[in-house]
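Laid out below as structure tokens are two forms of one and the same protein chain, each shown alone and named structure 1 and structure 2.
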Structure 1
């Protein structure tokens, strides 16, 4: 059986284990170790395992757990002694494989962080997340380029399934939102234009807004809510169930096997849905024009005469970028899912928020670029 001796000093909490650190032995010392950590003042934990007779994976996981609990209290790195090199490597591997330590809100935190330190930590976390995102995008892009040389390696069946779920099944909600947007925009613009007898120019406004801006933007936001969250939930569940690790062990790259079909499907379906959203939005504006007494032919001529193919092309180019961002963000957030009962929900939420933020940022970039190019 296992035994634990706890010793406190002003600068150190000392744990000395003896006996067998296996599943049964850990049960004997678990409560004592937890109480010792909660009552200790730190700022460091030292663990002596020189008297341990037997040490297996359960013991390594237990030591890694104690280390993470100490780090969660903002203590210094745990000092572990008495292990051979193989056991030390096992503890380190388990410590790195698990989730990051969460702060212990019930424990004393010592010195409060200053404003500059908090903001610096936030900036560091943002930069790390941006670095991870860009690296993952590069990995997806490389997998896509390498698949172009061997198209047969792409899972086209999975790509079509995702295209149906993300594209065809999204037609009703895209149609509803686009029709209402076109309808409301036409009503709101018709009120001031009626004062000057220029109600027919509502068609120009609805046509150019739907083609260049609102059609691509509203479609992308709908897909961010539907597809990005779905991708994050699917891949996050696979990660929690260790299916991604199983794919790696079998020699299958998760990026090529799971993520690439979703990126391809989203990139191809977003422009098609956008064209559908543009047509439905323009029809919504036509309803208002007809209610004002103008014939449909006049509305059609105004839209066709004012909206050019350059406007249409500019809106469609946005859609390809939006499709890549939506799929990649959903898959990346799913791949970053941590352990816990709420991990999948948090990953889906982060996927939606990140997708919408990136869509807004890139939409602004496109607007500035088109203005500078005179498009």
Structure 2
């Protein structure tokens, strides 16, 4: 704790400090001293430190700074009293640290960038990122194709482990989300449909929506949050720990060794989870229909009669692509982790954001494609 008394005569601004002038102490008196100096009109500053119990570099830098500010206002030389010789020497050393940097010699802090330049830069960054992403995706794809020729070389053990972690263990959350989506959708549409006595058609609505869109989409988004971030964090940690370099030196390509098992596992698990999500979602709708007094058989017949195999296949094909996107994005973002303690967290965040964006984009592309193909 430190304290400051400010006194003012015609010829002198007088600062008397007391207490501990260390990093914590100067914070207490910082503002008061600054205001005192600014409002005072000199022509000299006197500093009394005889009541100070403790004084260190922070204190010395502070005193030297006050001195500089006084000099900067063309006041006379600051008188400092009450310091023992060691501390005086400290202040002197800091004072002499160098000539006052004049404004024009200070390093340029960078010219203000125009709006156009900023936008241009971010577009360039984006394009560069997209370029590396696509190149990396190509590399993964190539590794996949070439390992198909030697399926024995794929690390099936690791693939199974990832499939369990990223697939089987995601079952409860996927089920929960799909069930709620199915339930809510059925409930909300049942109310207006009931006015027309058409509530049994809720089955068509829930069925087609789950199969074509919501089942794949919900599963993909849950997996993006769950697996993409996990992959990015795993691989990012290995990168920071130089483990990826260690693998490379041992002659094991990280793309084949780490990324491929994850991509294969995710590509196989996403469609499976989606099938499950679709079923549970439709069951969610069934709960509403049952509670409105319709028999389950009616609901079942309605769904099966309306949803075609084409719809189902379309939905599932999408999932393979989503699965690749999620795993590849997670791994690529992990691989791109920079150094530093916050880097892994950043990589995980980027993985989730990028994969959700990609899922949305590809979902759009599939919608258009299916429309044009008439599926």
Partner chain sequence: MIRVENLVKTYGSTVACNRLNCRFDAKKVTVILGGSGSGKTTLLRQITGLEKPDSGSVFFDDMDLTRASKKDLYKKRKKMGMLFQGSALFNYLNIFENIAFPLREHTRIAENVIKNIVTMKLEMVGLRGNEHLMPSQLSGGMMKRVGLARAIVMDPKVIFYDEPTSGLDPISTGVIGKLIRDLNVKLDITTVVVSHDIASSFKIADKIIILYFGDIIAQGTVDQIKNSTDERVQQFITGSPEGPIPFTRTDTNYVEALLADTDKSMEKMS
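Just so we're on the same page, rigid core means the largest C-alpha set that superposes within 1.5 Å between forms. Numbering follows the first chain given and starts at 1. Given the structure is predicted, the values throughout are model-derived calculations rather than measurements.
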query: Pair member that is the form predicted together with its partner chain; finding: 2
query: Residue 82 C-alpha relocation of at least 2 Å between structure 1 and structure 2, rigid core basis; finding: yes
query: Core-aligned C-alpha movement of residue 21 between structure 1 and structure 2, 2 Å or more; finding: yes
query: Residue 343: Cα shift of 2 Å or greater between structure 1 and structure 2 (core-aligned); finding: no
query: Angstrom displacement of the CA atom of residue 62 between structure 1 and structure 2, core fixed; finding: 29.9
